[in-house]
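Next up: a single chain in structure tokens, the form predicted on its own.
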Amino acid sequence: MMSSFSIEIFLAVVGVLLIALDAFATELNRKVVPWAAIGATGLALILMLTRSADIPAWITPFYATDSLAVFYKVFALVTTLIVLIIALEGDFITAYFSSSEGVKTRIGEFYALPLIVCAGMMWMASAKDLVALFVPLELVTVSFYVLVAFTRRSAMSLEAGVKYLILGALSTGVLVFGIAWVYGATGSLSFEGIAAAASKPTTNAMALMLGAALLLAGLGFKVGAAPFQIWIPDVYQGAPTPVTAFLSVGSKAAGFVVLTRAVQAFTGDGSQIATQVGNALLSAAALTILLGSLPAIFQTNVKRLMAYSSISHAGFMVLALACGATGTVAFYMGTYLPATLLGFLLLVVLRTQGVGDELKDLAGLSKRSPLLAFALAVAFASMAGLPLTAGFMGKLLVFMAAISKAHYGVVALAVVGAAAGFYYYFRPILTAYSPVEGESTKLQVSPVARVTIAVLIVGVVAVGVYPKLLQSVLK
């Protein structure tokens, strides 16, 4: 059995080797690289589930192996595996973009980089100090710069890449500045040392609060929390759909595990700044939910709608974090995964058969493909929080955590956001089941897509009906 650290090294090495294969054997890349990436990720997932508890002694001071880290590592692997399958569906790269863009000779990069990103996200999940956090965080961010702007000749993709690069660099600067202030105030870079220093009366509370604010702002950009969410709609719409799915689920999860550890350090027992940090998170949660839900009402592009949806979901998770319910954050992310990836998989299947991303393009989908229409209904119903779906249980636990802490004002705003969600989530469902005149071309769904859709639907319904299935994993 391999340790989790060895599995991460394995993924990163395979990613580098696949990039090299793509560079020196371009005639093989379209067939070999995609399936090699999927096989390596699947193998890493199996190894992770049967991992050894032993890790090298030299890494233990800054490498956590607790249940939270293990959950997010498995989460990252599952997300990466499904994203690779989404990218493979219907020969997405060549179907989505014209051959003149030269993507055929760079196909290996598109499938190899997610492995490197996955390794970085897994390292982030185990970070016990700010240095161990920063290095994999930048590995993930720089890789996403490439993936978002993968089709350089597409104006929309290039615009998305430039915006993500500029704002990502700005957030990195803010994050590093915050790390410097935290270190100056506490004399420590480890989360444990920061928590200990925060409870000491000799620690300068003003300096620590400034460092915490800058640090949380930098991480707020990574998870798409307001007021640092402005990049999400344009980047999500302009990036290739598999990359959008990866950003929406994988990158957000990695950001939240780090945010969870940072908040735990700043709000530990006896912390001088616990109240201020809690209030800041509550304000950010309320603002994020509203700025995600209300603009989504007016969207006519499904990818852009899901971008605002992602912002709203981030707000609910920040609310749970503000209430100290770290388990609820992980549970919510677990319910968010199958529904969101299912939605993006459907967009890819439709796009490769000539169906656009606009809401009107979904008209009559139930007639053209009952399977895709049903899967779309399940995905968006779960994101809306319909009972008997995974999304309902996630939102329910967040509301229960907020009510238990008597944050009634934020709960009221969250109810407004959730109610708005029922409107904009059910618009695509109603459009898909709306009647259309004339004959409609039947849509084809590949066997791989059928299996993936079925697995994700089962995941959405199973967790909604029996939430202990996911809760038992988080213990």
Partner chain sequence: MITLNDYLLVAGILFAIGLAGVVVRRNIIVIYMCLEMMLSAANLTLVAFSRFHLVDGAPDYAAQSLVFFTITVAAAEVAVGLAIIVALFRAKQSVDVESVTKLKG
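Note that the structure is predicted; figures quoted are calculated from it, not measured. Residue numbers count along the first chain shown, from 1.
Not pictured, yet referred to below: the form predicted together with the partner chain.
- A single residue from the set Leu170, Met400, Ile297, Leu388 has any heavy atom within 4.5 angstroms of the partner chain in the model of the complex; that residue is Leu170.
- Only one of Leu282, Leu359, Val162, Ile107 lies close to the partner chain in the model of the complex, with a heavy atom inside 4.5 Å, and it is Val162.
- Using a 4.5 angstroms limit between non-hydrogen atoms, Met206 is distant from the partner chain in the model of the complex.
- Although the partner is absent here, Ile166 lies within 4.5 Å of the partner chain in the model of the complex, judged by heavy atoms.
- Proximity of Trp181 to the partner chain in the model of the complex falls within the 4.5 Å heavy atom cutoff.
- Though the partner is left out of this view, Phe134 does reach within 4.5 Å of the partner chain in the model of the complex, counting heavy atoms only.
- Using a 4.5 Å cut-off to the partner chain in the model of the complex, not one of Asp66, Tyr72 and Lys395 places a heavy atom inside that distance.
- Judged by heavy atoms within 4.5 Å of the partner chain in the model of the complex, the contact stretch among the candidates 285-293, 321-329, 154-162, 270-278 is 154-162.
- Along 222-240, these residues reach a heavy atom to within 4.5 Å of the partner chain in the model of the complex: Asp234, Gln237, Gly238.
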